[in-house]
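Have a look below at one chain only, the form predicted on its own, in structure tokens format.
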Amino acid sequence: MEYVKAFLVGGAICALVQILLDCTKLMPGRVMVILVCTGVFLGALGIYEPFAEWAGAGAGVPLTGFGNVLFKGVKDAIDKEGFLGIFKGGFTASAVGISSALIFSYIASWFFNPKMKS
């Protein structure tokens, strides 16, 4: 049942984003920024964490989950280190995810021949 719930929640988030892309003139990069900022904002309000616990990976995998991770990292670092935590916390909390994305995309480039659209 957890897999179904995660699939439905993640699919609903993706469907809402697709509707946003189709019905507005927003560029994909701006929509991605909106998603990350939404995750930060909902995390700051204390809404995203209970939602993520209920939805599982369906809420943790999209960019809103990344924004929530950044918020939690900065909040924890500020509690431990003070002002410098603002600059350090987000990087510390998201380092594994960013590093794995870079490493796996580099490995994928060995097997595929990416080309620019013409």
Partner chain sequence: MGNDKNVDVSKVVREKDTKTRNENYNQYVNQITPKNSLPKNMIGAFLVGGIICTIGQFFTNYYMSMGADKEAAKSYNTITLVFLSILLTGIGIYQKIAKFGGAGTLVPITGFANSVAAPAVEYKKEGHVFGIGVNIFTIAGPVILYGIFSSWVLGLIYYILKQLDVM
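The model shown is predicted, which means the values in this text are computed figures rather than measured ones. Positions refer to the first chain, counted from 1. Under this definition, the rigid core comprises the largest set of C-alpha atoms superposing within 1.5 Å between the forms.
A second form of this protein, the form predicted together with the partner chain, is not displayed here; the remarks below concern that form.
The partner chain in the predicted bound form is approached by residue 78, whose closest heavy atom lies within 4.5 angstroms of it. For the chain shown alone, residue 47 is not a contact residue for the partner chain in the predicted bound form, no non-hydrogen atom being within 4.5 angstroms. At least one heavy atom of residue 41 is located within 4.5 Å of the partner chain in the predicted bound form.
In the predicted bound form, the partner chain sits beyond 4.5 Å of every heavy atom of residue 51. Residues 78, 79, 82, 83, 86, 87, 90, 91, 94, 96, 97, 98, 100, 101, 102 of 78-102 are found to place at least one heavy atom within 4.5 Å of the partner chain in the predicted bound form. Relative to the superposed rigid core, residue 15 undergoes a CA displacement smaller than 2 Å between the shown form and the other one. Relative to the superposed core, residue 50 undergoes a C-alpha shift smaller than 2 Å between the shown form and the other one. Relative to the superposed core, residue 109 shifts its CA atom by 2 Å or more between the shown form and the other one.
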